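The chain below stands alone and is given as structure tokens, in the form predicted alone.
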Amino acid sequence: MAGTGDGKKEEADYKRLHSFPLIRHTDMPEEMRVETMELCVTACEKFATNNESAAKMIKESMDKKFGSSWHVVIGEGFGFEVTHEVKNLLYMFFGGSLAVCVWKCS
């Protein structure tokens, strides 16, 4: 029984250690990357239990700020292959295992 409790504690510690955003791949300019990353963190924290609402918030904000045709995928354990405009892709992790992919394709 004690082993089960320790495992949950270690998992919670791991998630706390890795709650910062971790960029896996991006080709965005520095200013756009920083703004997008902050937006993703804000949305994921605000809608911690609803990935669809977080993705909608990110997409609408990106469309308004950087022009239309932005796409957002948020979740755990997914793979993807996308075609995107150059300098308009961000793939990051947040909170340990939550992945966020933001790209523009018009």
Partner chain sequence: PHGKALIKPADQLQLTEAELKEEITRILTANNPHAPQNIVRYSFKERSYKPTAAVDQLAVHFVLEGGLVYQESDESCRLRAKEGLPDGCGEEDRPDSVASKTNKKEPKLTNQFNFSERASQTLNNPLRERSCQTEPPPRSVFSATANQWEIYDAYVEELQKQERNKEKQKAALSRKDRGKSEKMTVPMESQNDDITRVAKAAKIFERMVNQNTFDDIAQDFKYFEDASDEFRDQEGTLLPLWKFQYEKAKRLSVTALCWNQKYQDLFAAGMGSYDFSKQGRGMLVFYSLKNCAFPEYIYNTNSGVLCLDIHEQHSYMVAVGFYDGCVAVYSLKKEGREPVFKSSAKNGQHTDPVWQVRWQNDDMDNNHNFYSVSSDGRIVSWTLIKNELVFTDIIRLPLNGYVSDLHSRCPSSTACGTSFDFHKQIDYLFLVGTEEGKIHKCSKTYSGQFLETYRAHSMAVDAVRWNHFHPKVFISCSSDWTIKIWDHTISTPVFIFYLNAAVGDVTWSPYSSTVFAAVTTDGTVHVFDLNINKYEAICQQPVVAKKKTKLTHVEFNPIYPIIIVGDDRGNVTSLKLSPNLRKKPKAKKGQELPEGPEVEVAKMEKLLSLLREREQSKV
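Residue numbers count along the first chain shown, from 1. Small disclaimer: the values here were computed from a predicted structure and weren't measured.
What comes next is about the form predicted in complex with the partner chain, which is not displayed.
Looking at the partner chain in the predicted bound form, residues C44, N50 and K65 place no heavy atom within 4.5 Å of it.
Within this chain, E76 lines the site of the partner chain in the predicted bound form, having a heavy atom no more than 4.5 Å away. Residues E76, G77, F78, G79, F80, E81, V82, T83, H84, E85, V86, L89, Y91, F93, F94, G95, G96, S97, L98, A99, C105, S106 are the ones in 73 to 106 with at least one heavy atom within 4.5 Å of the partner chain in the predicted bound form, listed in sequence order.
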